[in-house]
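Shown below, as structure tokens, is a lone chain in the form predicted alone; questions about how it binds or moves come after it.
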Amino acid sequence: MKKHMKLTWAYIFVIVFGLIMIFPLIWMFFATFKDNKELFGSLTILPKAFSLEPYINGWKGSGQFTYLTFFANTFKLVVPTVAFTVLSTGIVAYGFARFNFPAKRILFGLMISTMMLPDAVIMIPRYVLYNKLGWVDTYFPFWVPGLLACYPFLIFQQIQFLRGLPRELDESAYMDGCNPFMVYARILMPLLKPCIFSVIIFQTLWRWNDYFNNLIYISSVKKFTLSLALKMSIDSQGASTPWNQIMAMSLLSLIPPILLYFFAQKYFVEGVTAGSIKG
């Protein structure tokens, strides 16, 4: 009986704490159905009348481009970047985890050391390089680093996961006539599924929510992502900022990454913890 009471109180505590944590999202959801006057003049969570006008007017965007364009631009930036990152970081991690080659420890140490390098240090040289290559105001500054495995944290995470997989799997595949690439593609990559999902989630959230890098490299409104479009909606209105419309569009922009996390939550947790358990 005492055990059941403790379990009940534990569930009550988790539920209450969870409601406190998601209260801002709950308030934001109901705020999207209010007008600006009610939004700032009432302390109640529920609106007096549910209205879809904030969504309808907010979706119109800047007038020249609707939020359909900004959503499409965000997917154009995020999806290839994530796909390139999964492929490139997995191959690099496979090389470090399974092969011996000259200066392996030195190269591994250099890769890990880049995790400690502040982004502000390389911001200007990186911009100068991309500008000389003609990549400014394109999505190449996001696609190419993903293609070249410029994310040491994601590489290290997959290395730790691969170290927990027995080498006998590789040896048996070699005996069946597989080459190193086939071993990775047919044997190890399917087993890396939890880790790959964690890479997908991390990279999607980083790129989807990124504002600073988007602001630096993208200047054309027709190429704006959601983060830039939301900021533009605030700046373009001046004193009469339609916060209900901005919150409505912000709420819509949260839906894709939230859905991704919930659908891949099982694999994400397993992928994040596997390295520490098996390594």
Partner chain sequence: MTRKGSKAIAVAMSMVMAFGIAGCGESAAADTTQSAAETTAAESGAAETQAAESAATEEPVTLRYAWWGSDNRHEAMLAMIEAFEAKYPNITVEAEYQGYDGYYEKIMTELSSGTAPDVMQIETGWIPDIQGAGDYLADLQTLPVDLTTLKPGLLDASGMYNGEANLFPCTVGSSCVYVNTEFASAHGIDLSKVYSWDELMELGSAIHSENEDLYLMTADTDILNKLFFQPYLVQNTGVALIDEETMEMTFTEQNAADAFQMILDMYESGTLEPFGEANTFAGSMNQDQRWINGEIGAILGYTGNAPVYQDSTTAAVDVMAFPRIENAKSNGITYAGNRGAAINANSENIDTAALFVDYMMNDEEAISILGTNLGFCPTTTADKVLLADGTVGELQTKGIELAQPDSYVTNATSGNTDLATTSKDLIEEVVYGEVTPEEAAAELMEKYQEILDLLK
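All figures in this text were calculated on a predicted structure; none of them were measured in a lab. Numbering follows the first chain given and starts at 1.
Separately, the form predicted together with its partner chain exists; it is not shown, and the next lines address it.
Looking at F50, you'd find every heavy atom of it more than 4.5 angstroms from its partner chain in the predicted bound form.
Mapping the unseen interface onto this chain, T69 falls outside it, with no heavy atom inside 4.5 Å of its partner chain in the predicted bound form. When its partner chain is considered in the predicted bound form, F140 lines it closely, a heavy atom lying within 4.5 Å. Contact between C178 and its partner chain in the predicted bound form is found at the 4.5 Å heavy atom cutoff. No residue of the trio N73, V82 and M189 has any heavy atom within 4.5 Å of its partner chain in the predicted bound form. Shown here without its partner chain, the chain has F140, V144, L147, L148 in 137-153 lying with a heavy atom within 4.5 Å of that partner in the predicted bound form.
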